[in-house]
Ligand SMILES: Cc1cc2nc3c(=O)[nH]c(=O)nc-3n(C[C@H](O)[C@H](O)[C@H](O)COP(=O)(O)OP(=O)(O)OC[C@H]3O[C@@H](n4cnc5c(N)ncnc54)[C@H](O)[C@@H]3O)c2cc1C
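First, one chain by itself in structure tokens, the form predicted alone.
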Amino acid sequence: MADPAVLAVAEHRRGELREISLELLTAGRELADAIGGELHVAVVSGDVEAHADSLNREGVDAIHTVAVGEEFDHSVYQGAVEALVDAHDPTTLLLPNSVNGLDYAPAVAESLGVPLVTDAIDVAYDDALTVTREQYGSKVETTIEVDGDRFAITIRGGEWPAATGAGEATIESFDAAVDPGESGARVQGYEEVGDGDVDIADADVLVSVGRGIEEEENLELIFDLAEAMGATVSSSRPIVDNGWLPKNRQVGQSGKVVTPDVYLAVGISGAVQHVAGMKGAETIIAVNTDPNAPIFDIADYGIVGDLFEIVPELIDDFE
């Protein structure tokens, strides 16, 4: 087995591999091709054998399983990743720009003495590594040339397509010799905040509501539409700030990044902070009374009109 150009670290939650893990494979393969070397993937904790089978996609050369613990644990992930880097000497460490990824990525980068660039939306290598990020509420893109021989990068979800196609990677167990309690903190359990049964990041179809709904009581109309469509309800920030929906329903820069097949934005103007969280949707449909609303700039289909007239008609059509 040759040394990898890229080591990508997968992420899972409550037994399910997260979509960002497959997006890491696509980004990792592109970067490994540019650097010249193999793409290795690490899966740490949980049912590593099952996750390794799911990660065995076209373009992956090797998968390392670290069977320690069940859910995310800072000390386990940091120790496992550092041990893998010591053993396989990758040029680039690729991690998810998620709550978990941002928890241990700085510790790993500090320990290894490598530069860390977070929230990448594009990466390239041509004698030097360049990373593109968004700033000022996604109004500006900045491309950074990173100085060094080894790098750590966290990538934003929804920016690369998920890897597809069956792979022929070698799958090997890796003994990282890490202690879950070494850091003094230990995971005692897992608890979702708010409506724990809903993860809008996993939804194929989202009906998202904004301030155009006017009153909390009117949300019933949106839930009726979502039920008729077989969709999940999400929202822009003002709805959450008003306390009408829990935080885990919020889409956007300060909420969740979503990549559904269909995103129906109802009464959402399309502020850059919101667009940053949903622009990766395959098909975007917008309903708004303002024909100049920014949401129409990115929508595939748009309806200019009063949502209180349009939504009931949509419910009738879907029922």
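Note that residue numbering begins at 1 and tracks the sequence as displayed. Everything numeric here is computed off the predicted structure, so don't read it as measured data.
As for the form predicted in complex with this ligand, it is not shown, yet the points below apply to it.
Peer 1: So in the model of the complex, are Arg211, Arg237 and Thr289 all sitting within 4.5 Å of this ligand, heavy atoms only?
Peer 2: Result yes, every residue of the spot touches this ligand.
Peer 1: Please identify the residue among Gly255, Gly59, Gly46, Gly280 with any heavy atom within 4.5 Å of this ligand in the model of the complex.
Peer 2: The residue from Gly255, Gly59, Gly46, Gly280 that makes the contact is Gly255.
Peer 1: I need to confirm a contact call. Of Ala293, Ile285, Ala52, Val68, which residue comes within 4.5 Å of this ligand in the model of the complex, counting heavy atoms only?
Peer 2: It is Ala293.
Peer 1: Verify the contact flag for Ile268: yes if a non-hydrogen atom of it lies within 4.5 Å of a non-hydrogen atom of this ligand in the model of the complex, no if not.
Peer 2: Within the cut-off, so yes.
Peer 1: Spell out, yes or no, whether the shortest heavy atom distance between Tyr301 and this ligand in the model of the complex is within 4.5 Å.
Peer 2: No.
Peer 1: Does Thr26 make contact with this ligand in the model of the complex, using a 4.5 Å heavy atom cut-off?
Peer 2: Taking the distances in the model of the complex, the answer for Thr26 is no, it never comes within 4.5 Å of this ligand.
Peer 1: Do His64 and this ligand share at least one heavy atom pair within 4.5 Å in the model of the complex?
Peer 2: No - in the model of the complex, heavy atoms of His64 and this ligand never come within 4.5 Å of each other.
Peer 1: To test your reading of this chain, name the stretch in 162-170, 108-116, 229-237, 121-129 whose heavy atoms come within 4.5 Å of this ligand in the model of the complex.
Peer 2: Residues of 229-237 come within 4.5 Å of the partner.
Peer 1: Where, within 297-317, is there a heavy atom within 4.5 Å of this ligand in the model of the complex? Residue list please.
Peer 2: In sequence order, Gly305, Asp306, Leu307, Phe308 come within 4.5 Å of the partner.
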